[in-house]
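Only one chain is given next, in structure tokens, and it is the form predicted on its own.
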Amino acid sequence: MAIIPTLMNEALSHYAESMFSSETPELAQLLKEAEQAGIPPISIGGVQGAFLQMLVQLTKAQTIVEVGSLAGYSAITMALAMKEGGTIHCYEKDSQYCSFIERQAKKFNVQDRIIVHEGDAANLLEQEIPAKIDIVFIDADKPSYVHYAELLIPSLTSGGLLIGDNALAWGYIADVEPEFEPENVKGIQAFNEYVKRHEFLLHPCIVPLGDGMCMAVKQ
């Protein structure tokens, strides 16, 4: 018989954030400045950040691609865990957000690890993709998740990680006919199914941190 999982509630969430969060006062300030700049207050949580930092350390990642960087919170969180010489390629459509990321990267002294690509991510990746990617982190428009994965998987190294954020679709992932943001929920459902069935992706799983992350290892 399967062990019944412990469902996260507000108290457990606060406990996890208080004990195992990557967020620092400086990262919290980044979010405040982002909101003041008119950037939507959307980001991974501190517990997710700690998990991503651990993955960066475990894989010894030298090249990370993040699709959908917004204010750069998750990219900078990962950059702080990278060894010298590592690079995170941030794909972000909005020029204001791109400028904000570059300013914040300088504040955190990780500007040598952050490369911002401004424009439509699909168009940019169809033209040129970084070589030998160790981690792909997708957190952009949900209906395009599968397309981004298709573009990036060939450049993912053997043993590299593919990660898609919001894998639980705000709690609606199990809905057959979702009424809440149906296009986005169906986009995530399609991505989860894609990762599960891809012939070159091993050990697919959902990690229920934040809104969930769907992950797999490149063969």
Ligand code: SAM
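Predicted model, so just to flag it, every value in this text is computed and none were measured. In this text, residue numbers run from 1 along the sequence as written.
Just so you know, the form predicted in complex with S-adenosylmethionine (SAM) exists too; it's not on screen, but the next bit is about it.
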| query | finding |
| --- | --- |
| The single option of Ala149, Ala105, Ala140, Ile133 touching S-adenosylmethionine (SAM) in the model of the complex, heavy atom within 4.5 Å | Ala140 |
| One residue of Gly46, Gly187, Gly160, Gly68 in contact with S-adenosylmethionine (SAM), assessed in the model of the complex (non-hydrogen atom, 4.5 angstroms) | Gly68 |
| Any non-hydrogen atom of Ala174 within 4.5 angstroms of S-adenosylmethionine (SAM) in the model of the complex | no |
| Proximity of Tyr97 to S-adenosylmethionine (SAM) in the model of the complex, heavy atoms at 4.5 Å | yes |
| Ala28 within 4.5 Å of S-adenosylmethionine (SAM) in the model of the complex, heavy atoms | no |
| Asp120 within 4.5 Å of S-adenosylmethionine (SAM) in the model of the complex, heavy atoms | yes |
